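Listed next as structure tokens is one chain, alone, in the form predicted on its own.
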């Protein structure tokens, strides 16, 4: 997993909790890398999982909630750092439906060794069906990113989630009238 995910997680923890909390969860998780993350480095995703679990134990906030909030946070950072991805995109569902062909294609150009999840997307009427496939089981992160996308576009999204198999989660995403 790319280091940018780790650095953003630790930044979020510092901003929402404290620098001491960052130190505490790193001590608790004792990552093999020593937590010397660089945005372009590649690290074992288990280190992130271990830090989220450590944060959950210290804050008594469920792991899935923390990961979803992190997904929303990452989306805001992504939108700030890469505004060109949003040019001429009219709404959240259009953006989400282009993740694989536009966003992931560009990420691979920047980071050829990136191990990205796969999204198979199609519309059923006004509803977007997104099949998320990853051996790393970060469906909560994907859900947070979807929520963050809706917030970015000022849209209230209804997200239904269904585990299809051990490595595939289906998100059914539709707009909800305000």
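Positions refer to the first chain, counted from 1. Since the model is a prediction, treat every value here as computed from it, not as a measurement.
Just so you know, the form predicted in complex with ligand HEM exists too; it's not on screen, but the next bit is about it.
**Student:** Using heavy atoms only and a 4.5 Å cut-off, decide whether all three of 103, 141 and 145 touch ligand HEM in the model of the complex.
**Tutor:** Each of the three qualifies.
**Student:** Answer with yes or no whether residue 116 is in contact with ligand HEM in the model of the complex, where contact means some heavy atom within 4.5 Å.
**Tutor:** It does: once ligand HEM is placed as it appears in the model of the complex, residue 116 has a heavy atom within 4.5 Å of it.
**Student:** Though only this chain appears here, would residue 93 touch ligand HEM in the model of the complex if you measure heavy atom gaps against 4.5 Å?
**Tutor:** So residue 93 does not count as contacting ligand HEM.
**Student:** Given that ligand HEM is not shown alongside this chain, does residue 134 nevertheless sit within 4.5 Å of it in the model of the complex, heavy atom to heavy atom?
**Tutor:** Residue 134: yes, in contact with ligand HEM in the model of the complex.
**Student:** Do residue 89 and ligand HEM come within 4.5 Å of each other in the model of the complex, heavy atoms counted?
**Tutor:** Judged by the heavy-atom cut-off of 4.5 Å, residue 89 is well away from ligand HEM in the model of the complex.
**Student:** So which residues in 1-32, when you check ligand HEM in the model of the complex, have a heavy atom no farther than 4.5 Å from it?
**Tutor:** 1, 2, 4, 5 sit within 4.5 Å of the partner.
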